[in-house]
Every structure is written in C-alpha cells, then in structure tokens.
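Two separate entries follow, structure 1 and structure 2, each one form of the same protein chain as structure tokens.
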Structure 1
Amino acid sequence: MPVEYIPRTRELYSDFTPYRWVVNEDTPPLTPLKKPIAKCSVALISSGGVMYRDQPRFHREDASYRRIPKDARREDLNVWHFGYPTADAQRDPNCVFPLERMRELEADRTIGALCDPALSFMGGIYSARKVRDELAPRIVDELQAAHADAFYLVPA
C-alpha cells in the first residue's frame, strides 16, 4: 500500500509550523568507485527504524541510529517508525532493511564484504539541520571506522 508522504507528514506535524521542504543546493558530486564492487566493503544503512534486540525505540525528532550486527537474525529485529505503516516491515524487515539479501551478496561474492555493523535510523526527522549537523556526521564517522568503500542506503 503506497504511503502518501506529504499528507502524512502534514498530519503528523499538524501542531507545528508548516513544514518547509528542504532544498539541497550543495550536493556533492558523484564519486565513482575506485575498485570493482566485488572487491568493495559495503555498508547497509536504512531509514526504516530497525532496532536490534533490546535497543531503545526511536522517538520523534530522534537523530540517533542503531548499530545492528551483520549476523543478526530476523527474530532479533524490531521496527519502530511513525512515518509509515510498519506491519510488513515487522513481518519481514528485509523490505526496509535487506540484511539477509546483503549477506547473500557477500556469500556469492557479488560484493567484497558486508560492513559490520549495519546501521538504521528513523527517517522523517522534522529538522533537516539535525540530519545535516548531528546524524549524518556520526554515520560518516561509522562508515570511515568500518573502512566502507560504498554504502547501500534504503529509504523507508
């Protein structure tokens, strides 16, 4: 079932000043890979609000993320997100957090390695400033620490 994002966002934030959609004018240039994807370390990142075991739920305006071990089992994952209906993602987290598919790509050597841990945050944060100044720099630090050559971002 498709989600009508603009009406849903207006509904969720009806008590706030009307949302001003972000216009990104300083987009960085595409950076081509320096080696084949089959030799790259690839990180999985999702804005689907996925959590591992007893990690805390996300909350409104949450600029945090969750570190999820790449060997996490489906039954150890939970989904908490207020921006989309999560029933399907709860039944099969791979629809917003394709961890099992990424492990398959690693196993069949389509990618060189899957970074550990994978990362998930809750998309739909009201403040673009929080994303730019808080969330994104911390995720970049995680990617650098994991020596990721590329990342696969799955928006929810």
Structure 2
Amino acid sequence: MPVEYIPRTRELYSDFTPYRWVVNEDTPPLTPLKKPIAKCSVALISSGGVMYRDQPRFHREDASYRRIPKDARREDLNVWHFGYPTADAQRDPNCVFPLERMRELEADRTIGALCDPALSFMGGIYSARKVRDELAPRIVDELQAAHADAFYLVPA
C-alpha cells in the first residue's frame, strides 16, 4: 500500500504546529499541449535541491532556485535538502533530477528538445504562500524565457 505521507508528517513533526496542507478541490486547469510531446520543448524542474558546481547551497525556507546547464556533467551536481535522505541522490542525481535521462530522450526524439537551463529548488519550504507568490512566478518567467512548451516537475 502506498505510504500516506500527510499523517506521517503530522507524526514526524508532532512537536510543531500542524502543517496546513494545500488542498485544491476544484477541477485543476488542464492546458492541452498544442503538439505531441515528441515535438515539444520540455523543461526539467526538480525540487530535490540540486546545485551546479559552486552555486550556493540552499538553506531552510529558501525560495530561490538554481539554473543548471542542460549539458551539466554528473560530477558537477550536488544535492542539499533537509527533508529526505539525500545519499542516493548525491551519488546519482538522476534519482530526483533525471537530466542524463532527459538528454537521452531528447537524442532519441521521445521529446522535441530539452530546455536549457534545467531548474532546481529545495522543496522543503514551509510557507505555501512563499512558493505560490515568490518562487512559482519566477519559475514561470524562466520557462517563458526558455520557450518551454511543457515542464516536467520532479519533487523530492
């Protein structure tokens, strides 16, 4: 049975004020793609806390993001996140940031193109308002500047 993370979070952080989860009950807006994914420029975004080379480390409540060149080598990527065990992602960032896999899918034309740069932030941000009003609009600006047709968000 899949893990229920909402009660687990309540238990794990039982010493703190209960977290108020985002709940959206309305039908979400589904924007149909204008063309098949094989023709689309796809952006990779990970909330796993990935940093490229000497980009600054994330910190708690950090609503900033990092631009990661699409041709980045694995050894130039590092991971910082307080909310999940990062050892496997540090060893192989493709666990939460499948940049190498996306490059392969671009090469074999599963997707039209992989957007440059890929983006990452550290998803352990307590304030949903901060994510909605500060981080998300900046990410949207980045996606528009890169002419992305779709984005693939990998949480961690």
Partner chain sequence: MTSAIDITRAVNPPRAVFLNFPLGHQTGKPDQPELQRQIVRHAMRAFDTIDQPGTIVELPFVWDPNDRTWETRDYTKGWMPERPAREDADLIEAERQSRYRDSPK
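By convention here, residues take numbers in order along the sequence of structure 1, the first being 1. Here the structure is a predicted model, which is why all the values come from computation and not from measurement. For clarity, a rigid core is taken as the largest C-alpha set superposing within 1.5 Å between two forms.
Asker: Of the two forms I pasted, which one is the form predicted together with the partner chain: 1 or 2?
Answerer: Looking at both copies of the chain, structure 2 is the one that matches the description.
Asker: Checking L12 here: with the core superposed, does its CA move 2 Å or more between structure 1 and structure 2?
Answerer: Yes; L12 is a residue whose C-alpha shifts (by 2 Å or more) between structure 1 and structure 2 when the cores are overlaid.
Asker: With both forms fitted on the core, check whether the Cα of P28 differs by 2 Å or more between structure 1 and structure 2.
Answerer: The answer is yes; the displacement is at least 2 Å.
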